[in-house]
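Presented as structure tokens, the chain that follows is alone, the form predicted alone.
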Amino acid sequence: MKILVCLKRVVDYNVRIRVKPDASGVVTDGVKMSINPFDEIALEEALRIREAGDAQEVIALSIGDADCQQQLRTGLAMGADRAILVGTDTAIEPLTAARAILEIIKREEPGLVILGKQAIDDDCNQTGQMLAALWDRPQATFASKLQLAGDKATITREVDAGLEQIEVDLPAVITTDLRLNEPRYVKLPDIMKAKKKPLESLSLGELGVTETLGLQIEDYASPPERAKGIMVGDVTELLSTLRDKDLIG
């Protein structure tokens, strides 16, 4: 069985995001870029499945410009067998990404597709669900535990009410949550070996996918600064202050 894992290039989660002076986007020049943390968890889970003998190959897929090769090479260093880059110089929406992934699925015929539940740059949480609908296959989102048994997968999902366990037939789409695993540390020898692993480059046009924009972003803005806290002398003053701010009746 093949496992296809989707990796997105995003600003590293440790970096403080800054909006450009003209409000046209986020500053990325000279900023550290990394694999989306949820996607890194997805890759780690795929590697563990392969190491357990339940899969033979792990393929890393990314959609974006040539710089995404850096994140794919990191995925190869973690242990992915090969990588595919679908090149585009413009930011694409989740539906276009899902259509591109579907075309790769038709080529590779994986038994399982794993991706992060959302990307930390746009927090859309849409691509996995859209992909499952286009592929007409079962989906299990927000996975915190995954077990395979033959042609079925049992997934523990994190939902608002607690934990939910479901069983799906394979092939299927699974999106990962934070508590599924802890990604492995990439060692220098693995980074060197990754340079020799195959990385195939395609374009959206070669896949027959047209870039469509359903949304138009007019500008970006930083969140407002938090107001400074105030000190109160006792409970009575606290309640009075809360009432003055219409926070309690």
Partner chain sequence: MSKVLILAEHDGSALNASTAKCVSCAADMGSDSIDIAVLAAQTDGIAAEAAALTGVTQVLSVERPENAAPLAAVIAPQLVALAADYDYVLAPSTTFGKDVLPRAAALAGVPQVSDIMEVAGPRRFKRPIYAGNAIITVSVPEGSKIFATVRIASSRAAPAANEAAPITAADINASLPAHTRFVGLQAGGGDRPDLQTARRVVSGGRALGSSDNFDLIYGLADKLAAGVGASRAAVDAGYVPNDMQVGQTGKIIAPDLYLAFGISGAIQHLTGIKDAGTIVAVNKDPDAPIFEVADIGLVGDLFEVIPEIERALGG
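Positions refer to the first chain, counted from 1. Model, not experiment: these values are computed from the prediction. Definition used throughout: the rigid core is the maximal C-alpha set that superposes within 1.5 Å between two forms.
Keep in mind the form predicted in complex with the partner chain is missing from the figure; the text below concerns it.
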| task | Name the stretch: of 168 to 176, 68 to 76, 100 to 108, 83 to 91, exactly one has residues whose heavy atoms fall within 4.5 Å of the partner chain in the model of the complex. | result | 168 to 176
| request: Please run the contact check for residue 137 against the partner chain in the model of the complex: heavy atoms, 4.5 angstroms, yes or no? | output: yes
| query | Is residue 29 close enough to touch the partner chain in the model of the complex, meaning at least one heavy atom pair within 4.5 Å? | reply | no
| field | Heavy atom of residue 132 within 4.5 Å of the partner chain in the model of the complex | value | yes
| said: Quick check on residue 217: any heavy atom within 4.5 Å of the partner chain in the model of the complex? | reply: yes
| query | Though the partner is not shown here, which residues of 223 to 249 have a heavy atom within 4.5 Å of the partner chain in the model of the complex? | reply | 223, 226, 227, 229, 230, 231, 232, 233, 234, 235, 238, 239, 241, 242, 243, 245, 247, 248, 249
| request: Could you tell me whether the Cα atom of residue 234 shifts by at least 2 Å between this form and the one not shown after core superposition? | output: yes
